[in-house]
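One chain comes next, on its own, written as structure tokens: the form predicted alone.
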């Protein structure tokens, strides 16, 4: 099979195509899937640049894959060859991926492979933010910082699905997009003092902006006794001693599978939309071009590789 990776850190041009042995079932819980689509994430851009991870080369990146099952282990009774699945597994930059059944959910028939692959890493992060690190309930006022990013846009839609009153924080250039996502109120950080505008209004604050430049936002807008979760660093909450704060982080395969199932159902019923910015071929050329787009940092939608 073919894989796409690199033997040194650097720019997108470091990617190479490798030929590897065909994957084989070695445990009864394993599944092999033939790749149909791969989702690209900014973590992989940073990893390729040498900012994260180890240096055991070659590195074949990726965790977001949609594919058709071609083999299952003896203990796998909930998936069968021929089914198309959404998987949080890797290395994903490959024409075939071996993983375990607990990392899969079935793709809804009405959802394209390119749409399905967009919900994996950002979707799991977003869903866990509203259901595990905080517990959004109907009637809660939820402030989402970075509301138009890959994670934030899904947080907004899941929180709305749960019945929350959602305030989206973003730049004025993304005001229309926030309204399209369904936010109830908009905060434009480049035009107004959002800390004052929404002071002490939020039951829950979710910061989905990794490089946010407003360290006092959470403490200013959250009610005492509220809860907050952030993809970024912890914030000073000394003025709100009863606020619960969690750093958003990976949990486990069980929670990932629950998140993927719920998100797939939302894609199917239309309550979740994720924009695909660019579809590229699952080839070396496609991988390189995809990472060139990731270098822009703010592509208006997801970049995916399709077979």
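Residue numbers count along the first chain shown, from 1. None of these values were measured; they are calculated from a predicted model.
A second form of this protein, the form predicted in complex with a small molecule, is not displayed here; the remarks below concern that form.
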item	value
Candidate from 72, 231, 158, 105 lying within 4.5 Å of the small molecule in the predicted bound form - any heavy atom	231
Answer option from 138, 199, 210, 80, heavy atom within 4.5 Å of the small molecule in the predicted bound form	210
The small molecule contact in the predicted bound form: residue 257, any heavy atom under 4.5 Å	no
4.5 Å heavy atom contact, residue 249 to the small molecule in the predicted bound form	yes
Distance check, residue 183 to the small molecule in the predicted bound form, heavy atom within 4.5 Å	no
Partner proximity in the predicted bound form: residue 149 to the small molecule, non-hydrogen atom cutoff 4.5 Å	yes
Heavy atom of each of 3, 26 and 100 within 4.5 Å of the small molecule in the predicted bound form	no
Interface segment, criterion being heavy atoms within 4.5 Å of the small molecule in the predicted bound form, picked from 236-244, 249-257, 28-36, 266-274	249-257
